[in-house]
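Next up: a single chain in structure tokens, the form predicted on its own.
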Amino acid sequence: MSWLSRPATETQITHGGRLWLYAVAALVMIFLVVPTLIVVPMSFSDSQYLEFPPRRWSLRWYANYAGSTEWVQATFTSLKAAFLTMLVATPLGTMAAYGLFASRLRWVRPVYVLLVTPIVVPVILVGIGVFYAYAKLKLVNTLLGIVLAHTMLAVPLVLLIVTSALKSYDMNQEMVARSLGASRPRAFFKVTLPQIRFAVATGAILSFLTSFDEVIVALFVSGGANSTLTRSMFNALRDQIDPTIAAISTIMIVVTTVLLALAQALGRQRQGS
């Protein structure tokens, strides 16, 4: 039996019958991935300007990035903001998911919709609203302001992921622990959390990436000594085309890819356990 005649799904649709779908998926992947991958060889060019393909190969722009105080400081700001966002958004999103899942009140659905609103509303509108609020609270260009803004964007992701995990979890297990004398927090940490830990870890990774890669809100609320890496890259592209940006973009692609692969691995481990 050839590969094309084998069933691709439980409905007995063959791979040959889905060949057109595979072709469309490949074209979409090429359209999305190739522009990103072009940046990688450009980062190893020795030219003063962005060029593809490079005529001469060099690590010049990586050295320029590592030797620039401005770029290194922006990188540390982004890493600190992403790490703190992960620490704040993960427990908040997990608690919200657990509270809404365990609650039997009628207003659970509206609250759930309200909590995921930040990922539905256009980010530019979120940035404008946050900027005007921060201007009154004097949080513009502060690390605290960046973390709070990014937490608002990251919490819905954690909420969605943990809620999905809880839907396949039997709450009776926690009820048994509570009937044996465990308090609700103890039952959660001893019984529930270990069974949804992969979803929580995935939410933490996506929270980190949400903050690390975010640019629009950062344009409004970060700056000065607390300018994020993405904001600094945007300003550099606006003022001059610096090939250092290609080197930084390549580093960000590697970091993002590794963390997303880790999140996928955690998801598979959860399904297999």
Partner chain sequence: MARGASLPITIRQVTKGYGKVLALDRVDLDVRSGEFLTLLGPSGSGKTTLLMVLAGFTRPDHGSLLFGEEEVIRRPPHKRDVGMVFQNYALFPHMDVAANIAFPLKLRGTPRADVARRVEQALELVQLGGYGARRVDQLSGGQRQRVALARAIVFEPRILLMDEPLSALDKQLREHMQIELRRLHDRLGMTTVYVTHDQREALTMSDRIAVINGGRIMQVDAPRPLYERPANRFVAEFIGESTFLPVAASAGGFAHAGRVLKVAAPPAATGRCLLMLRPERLRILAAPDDALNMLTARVEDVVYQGDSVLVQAVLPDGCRIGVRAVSTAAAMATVARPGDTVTLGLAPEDTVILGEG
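Values in this document were obtained by computation on a predicted structure and should not be read as measured data. Numbering follows the first chain given and starts at 1.
Although not depicted, the form predicted in complex with the partner chain is the subject of the following passage.
Engineer: Heavy atoms within 4.5 Å of the partner chain in the predicted bound form: which stretch among 171-179, 76-84, 199-207, 139-147?
Structural biologist: Every other range fails; the passing one is 171-179.
Engineer: Under a 4.5 angstroms heavy atom criterion, identify the one residue in 116, 191, 88, 166 near the partner chain in the predicted bound form.
Structural biologist: None of the other options qualify; the answer is 191.
Engineer: Hey, with the partner chain in the predicted bound form, do 183, 186 and 195 all fall inside the 4.5 Å heavy atom range?
Structural biologist: Yes.
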